[in-house]
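Starting off, we have a lone chain in the form predicted alone, written out as structure tokens.
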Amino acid sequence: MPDSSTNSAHRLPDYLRNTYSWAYLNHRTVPWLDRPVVVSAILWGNASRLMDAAVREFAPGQQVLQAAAVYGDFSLRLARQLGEAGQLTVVDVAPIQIANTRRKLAPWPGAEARVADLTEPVGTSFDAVCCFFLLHEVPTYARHRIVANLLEAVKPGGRIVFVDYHRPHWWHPMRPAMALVFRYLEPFANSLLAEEIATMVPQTAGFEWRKETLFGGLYQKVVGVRRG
């Protein structure tokens, strides 16, 4: 399959170009937003804790799919967790994000990054799949397709891990601020908060699920294990 990392922007989803060009497609802002200190600030100081919560669900030697590029050192943490015997595949629809991820993963021969649209079937099975803060950034129709395709990519007995926003407790001091963030910067987030990942699409019925919330309910980790 030819490398699509140089494809023009007309192949990018409309929601990405219209809503998130400033965050993910701008050559000037990408290096700035990729700094761990910025990622930590965006997640109210919880970035390292959330990354660790996701990464510890995976084991050395596994073949893992990471759904979408992630700013900061998340992919490096995941590659380190999988070790030399593991394989990390990062998939993102934006060539600029794949180029940035390849740069970060260059020291890891067992890691690769490629351009693909996760609303289309993945086409390969993995021991595990990780989806870190992607679902709140896509509209409902795309979110459902992505979740279904990621579930289909998990081998029997394998697991899938979602970490994303969650509806905070009513007393949460950041609740008013996050309401503004969701209204003006993350317009698809509220539709995620209205759904449960574990029942989002029919394919979830083939998994055993567990869920935990963090930081006063503002974040969630949802883990599914595919029945063998």
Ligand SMILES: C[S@@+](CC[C@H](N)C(=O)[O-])C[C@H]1O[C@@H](n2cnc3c(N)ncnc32)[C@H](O)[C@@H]1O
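Residue numbers here begin at 1 and follow the sequence given. All of these numbers come straight from a predicted model, not from anything done at the bench.
In what follows, reference is made to the form predicted in complex with the ligand, a form of this protein that is not presented.
Enquirer: Could you tell me which of 65-73, 188-196, 171-179, 52-60 sits within 4.5 Å of the ligand in the predicted bound form, going by non-hydrogen atoms?
Expert: After filtering at 4.5 Å, what remains is 65-73.
Enquirer: Honest question, do Val122, Ala148 and Phe162 all end up within 4.5 Å of the ligand in the predicted bound form by heavy atom distance?
Expert: So, no: the whole triplet misses the ligand.
Enquirer: Flag Trp209 as yes or no: does it have a non-hydrogen atom within 4.5 angstroms of any non-hydrogen atom of the ligand in the predicted bound form?
Expert: Flag for Trp209 set to no.
Enquirer: With heavy atoms only and a cut-off of 4.5 Å, decide whether Asn100 touches the ligand in the predicted bound form.
Expert: Flag for Asn100 set to no.
Enquirer: Using heavy atoms and a 4.5 Å limit, would one call Trp22 a contact residue for the ligand in the predicted bound form?
Expert: Trp22: no contact with the ligand in the predicted bound form.
Enquirer: Ala116 versus the ligand, in the predicted bound form: is there a non-hydrogen atom within 4.5 Å?
Expert: Answer yes; at least one heavy atom of Ala116 falls within 4.5 Å of the ligand in the predicted bound form.
Enquirer: Tell me, which of Val90, Val154, Leu134, Ala79 has a heavy atom within 4.5 angstroms of the ligand in the predicted bound form?
Expert: Checking each option against the ligand in the predicted bound form, the one that comes within 4.5 Å is Leu134.
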